[in-house]
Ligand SMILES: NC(=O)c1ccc[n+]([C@@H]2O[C@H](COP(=O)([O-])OP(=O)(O)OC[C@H]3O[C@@H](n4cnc5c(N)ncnc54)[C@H](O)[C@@H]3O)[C@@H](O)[C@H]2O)c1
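Quick heads-up: it's one chain on its own, the form predicted on its own, in structure tokens.
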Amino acid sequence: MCQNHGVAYIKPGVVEVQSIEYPKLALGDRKCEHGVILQIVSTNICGSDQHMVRGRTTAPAGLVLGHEITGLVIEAGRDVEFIKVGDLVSVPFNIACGRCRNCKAGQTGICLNVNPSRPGAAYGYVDMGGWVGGQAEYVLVPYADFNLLKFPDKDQAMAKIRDLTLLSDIFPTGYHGAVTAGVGPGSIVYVAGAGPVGLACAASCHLLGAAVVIVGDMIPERLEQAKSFGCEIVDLRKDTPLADQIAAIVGVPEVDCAVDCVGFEARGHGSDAGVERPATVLNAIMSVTRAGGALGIPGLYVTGDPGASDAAAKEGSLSIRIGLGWAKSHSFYTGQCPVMKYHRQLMNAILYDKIQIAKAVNVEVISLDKAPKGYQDFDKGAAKKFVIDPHGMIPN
């Protein structure tokens, strides 16, 4: 039997690489003949993982992390018809059955059959169905024919694996934020947050034809990374109001649309930059988006936050200026990105050199044993996207 190792959450601030069970084609006592076992080629550290590692969710100790997975099929159940052993595939972070009404409507982020607690499931994530995560050497993927995206040419894919690994989550998620905000040719867009999802969103805005993409953050290195591929930037540590910083760039204190790529651990702007203010970004993007504009909100908001500063926020209740959004007739789009809605088209954009998404988010490849250090560096605000290479398969 092959060995398996994975990155496990131990306690706030601590993850460890541990020996874990090798996956089986089984769901508890039931056979999982619709599933496959993957040898993981790449698996990424996500900002959503970091929320758990910081102790800002109810994640249990011992949870094997990781929902951004790319791998080789090494075993397939008898009911898998179209995915074959040897295929190199991208795994959407959403686990979806392909059979329920939501999946049939393309809403794979809120599948009704893969999580007994609520709609929607993901690998290695709190309250997302108990599925084992993919920051490991091997992992089980259910409903393989429906979920997996096969790369058409394995050699071509491996040559672009640093880009293609981002198809499992942050590239589609950033793109989804831009699409739901209504970004199109000539748009002027504000993207809140220059972490990996924010950078992926900004690159997606360029792909969609935006005229000006403005990115706001408090970490200078991340702002420099945004500038490196043509974004305008605003430094949210400054006391200059956001609207005034936008006006200095485009001549007016508003944008056509905005995207929240920060989520519930947002901090105040200016003199409040070091203070947690979970509604700051939502209120800020309403204030600077023109009347009739749309707000994409791929940033994570949770229903349980034990580390929140007040009782309301512990339950996900935030002081949002909904009256302002109502008065400006804003549209709000929230929730998990339905990865399958976009990943094939985005794969083609990568393969045909329409975007260099790995360069935009500054991918750095690390070994599995370096994952704890990757989490530490990411938590300090490193302007990088850490990609774990468990088997040493990614070419230099």
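Numbering starts at 1 and runs along the sequence shown. Values in this document were obtained by computation on a predicted structure and should not be read as measured data.
One more form of this protein, predicted in complex with the ligand, exists but is not displayed; see below.
Undergrad: Which single stretch, out of 84-92, 243-251, 313-321, 212-220, brings residue heavy atoms within 4.5 Å of the ligand in the predicted complex?
TA: Result of the contact check: 212-220.
Undergrad: Heavy atom to heavy atom, is His269 within 4.5 Å of the ligand in the predicted complex?
TA: Yes.
Undergrad: In the predicted complex, does Ser48 have a heavy atom within 4.5 Å of the ligand?
TA: Ser48 belongs to the contact set for the ligand.
Undergrad: Considering non-hydrogen atoms and a 4.5 Å limit, does the ligand approach Val197 in the predicted complex?
TA: Answer yes; at least one heavy atom of Val197 falls within 4.5 Å of the ligand in the predicted complex.
Undergrad: Heavy atoms within 4.5 Å of the ligand in the predicted complex: does Leu300 have any?
TA: Looking in the predicted complex, residue contacts with the ligand include Leu300, since a heavy atom lies within 4.5 Å.
Undergrad: Counting any non-hydrogen atom inside 4.5 Å, which residue from Val262, Ala121, Ala178, Val141 sits next to the ligand in the predicted complex?
TA: Flagged contact: Val262.
Undergrad: With the ligand left out of view, which of Ala226, Cys111, Val183, Leu236 would have a heavy atom within 4.5 Å of it in the predicted complex?
TA: By the 4.5 Å criterion, the partner-contacting residue is Leu236.
Undergrad: The ligand is absent from this chain, but in the predicted complex, do Asp169, Thr173 and Phe378 each have a non-hydrogen atom within 4.5 Å of it?
TA: Contact check passed for all of Asp169, Thr173 and Phe378.
Undergrad: Listed by sequence position, which residues of 380-396 have a non-hydrogen atom within 4.5 angstroms of the ligand in the predicted complex?
TA: Going through 380-396 in order - heavy atoms within 4.5 Å of the ligand in the predicted complex - there are no hits.
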